[in-house]
Structure formats: structure tokens, C-alpha cells
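As a starting point, one isolated chain is supplied in C-alpha cells, in the form predicted on its own.
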Amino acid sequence: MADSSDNTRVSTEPLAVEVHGLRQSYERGLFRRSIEVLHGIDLALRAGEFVGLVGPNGSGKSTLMRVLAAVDEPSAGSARVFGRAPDHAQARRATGFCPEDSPFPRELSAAQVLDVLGSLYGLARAQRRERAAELLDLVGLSASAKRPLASYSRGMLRRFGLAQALLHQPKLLLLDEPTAGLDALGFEVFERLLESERARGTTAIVSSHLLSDLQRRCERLVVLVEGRIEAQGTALELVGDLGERARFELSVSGLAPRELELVQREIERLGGQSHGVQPAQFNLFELYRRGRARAAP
């Protein structure tokens, strides 16, 4: 009798990210009142998956990123990065974090910051200098490598943030509002780096309050509203969550002009307009409002 285990192979490789019941609270105000920012988040990412974290400002996106990057310790629940706590040495080495605001000393140059970070990641001196030069060239900052960060524009700081997050070739990228303040060059750099990391098999979480930043770049979207996951799925699935009157675009090929006119007339007769089959740049305000309504006492 054949061993059934030969036909049933279960992968023992851990998920890239596992979050269970995650809660995060901060003390604020004169009387240090505790305010809960994340309310029991559950989330899982497979290795190599690109996930977009979308939600209005103040929804908890940055807080979740900071917990996964081991900047903050969660108040309750658990988080794992490739099977380990985020503050474990191996999890830290596997994670590249680009925060929304640059936390690096402004009196240091880009080259100096990358050299310090490279040494903390255990890169040999020659290796980290070669890697730093390569990345600064990729993000268009080679000519400004020795200038202090204080002299950088916001767009230059965002490009530098991308470079430092990639310095040690992490397996998990956490990009918090990475397109904020980017100019045309920055967007080109961002797209090129993302495609390179996708080809390398990197896992990524990219956050934004703008759906257009994430829709094309991520295969799955997670909608975070007031510290709770309101919805998740592909862009097409989220459109369906908005109801029968959600906006779609219809793209048609293989029809003669006269036949296409008949299709268009039928669509218009039903009260619609024809444009494409891919999800449109739909509005998430309804999902946001639904989340607020559920969070209300």
C-alpha cells in the first residue's frame, strides 16, 4: 500500500507575514489617556506577494508598518515575520522599512547613513560601499551622495528612503506612503525598483491613502479603516463590495464598428456607459464610511 504522504505534501515554509489579534495603543494628552489605534488586526502574506494597504489618514497604516518593522512593540496580539517576532535578529535582517518621514540625522550625508546602516546589517565595508553607490545611482542621487540630508528636497528624501530600505536586499519590504512627495523622476525610479524587487521574489506591503498608487502595483488590497480591516481582496473583488452600481470599465475587441454600436446602445439603454474590463479608479469613500459606521458605539 502506497504511503499517502507521497501525494500530500504540505509546505513547511513560514508565511512572510502573520498577524493575529494585533492591537496597538498609545498614551496621549495631558492625562496620558490610552487610545487604541489598531483593534485586533488579522493578516497573512505569502512569500513573494505584493499587498497594498489602503485607507484614509489616521486609519492605522503607519502603526501596522512600525510594528512589523520592530519600531513599536504591540500592545496585544502577535506578529511574525518569516516565522519570527519582528525584533528577532533574523527578522530584522529580512526586513527593509521605508517610513513616511525620514528618521535619519540630517547632518549626515546619504553615503554616511548608508555606510552606518550597512555596518549594522553586517555588510563588509567594500560590500556596503559598492551597494550604496549602486543604489544611489539607481535613485538618481549619485551627485548628491556627499551632501547632508538637510539639504535634500522632500522628493530626494523619499528616493533616499527607498535606497536605504533596499540596502541589505531584504526579503520583506515595508513602504509607508512611498510616493508622497515624489516628482516624475521619483515615480519612474519607484516603478523600476518595484519591478526589480518583484522579479527577485521579494514580499512587499505598500501603504497609501490613494488607491491609484496601489491598484496596478499590488495583486491584493487591504482596506484599513479606523484600525480595523474593512475589506480585502483584488481590486475587482472590492468593486463588487460596493454593490450592483459599482463602476467598471468594459474593453471590447473582435467586433465590427456596427456591432459595437449595438453593444453601446444596449449598455446606454440600461443606463450605463461602456469603457473597460479592468477595475476603474473607483472611489473607496463608501468602504470608509461603512467602516466608521461599524466602529461607532
Partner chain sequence: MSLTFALLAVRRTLARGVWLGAATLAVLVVATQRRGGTLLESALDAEATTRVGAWTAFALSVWPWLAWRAASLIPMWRESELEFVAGVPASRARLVLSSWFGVWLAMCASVLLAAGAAEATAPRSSEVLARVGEIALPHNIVLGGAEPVVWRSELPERAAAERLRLHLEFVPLSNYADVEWSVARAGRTTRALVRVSSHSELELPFPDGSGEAEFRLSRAAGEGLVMCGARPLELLARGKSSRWCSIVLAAHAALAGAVCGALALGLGAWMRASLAFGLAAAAQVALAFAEPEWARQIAPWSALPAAFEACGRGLVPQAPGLAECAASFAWTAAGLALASAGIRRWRRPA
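Residue numbers count along the first chain shown, from 1. Since this is a predicted model, take the numbers as computed values, not measurements.
Just so you know, the form predicted together with its partner chain exists too; it's not on screen, but the next bit is about it.
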query	finding
Partner proximity in the model of the complex: Arg131 to its partner chain, non-hydrogen atom cutoff 4.5 Å	no
Interface membership of Val113, its partner chain in the model of the complex, 4.5 Å heavy atom rule	yes
Residue contact check: Ala143 to its partner chain in the model of the complex, 4.5 Å heavy atom	no
Contact test in the model of the complex: Gly83 vs its partner chain, heavy atoms, 4.5 Å	no
Triplet Ala70, Leu108 and Ser119 all within 4.5 Å of its partner chain in the model of the complex via a heavy atom	yes
The unique member of Arg216, Arg192, Arg154, Arg93 whose heavy atoms fall within 4.5 Å of its partner chain in the model of the complex	Arg93
Contact residue in the model of the complex, chosen from Pro99, Gly77, Gly181, Pro170 - any heavy atom within 4.5 Å of its partner chain	Pro99
Option from 119 to 127, 135 to 143, 218 to 226, 197 to 205 whose residues, in the model of the complex, bring a heavy atom within 4.5 Å of its partner chain	119 to 127
Members of 139 to 168 lying within 4.5 angstroms of its partner chain, judged by heavy atom, in the model of the complex	none
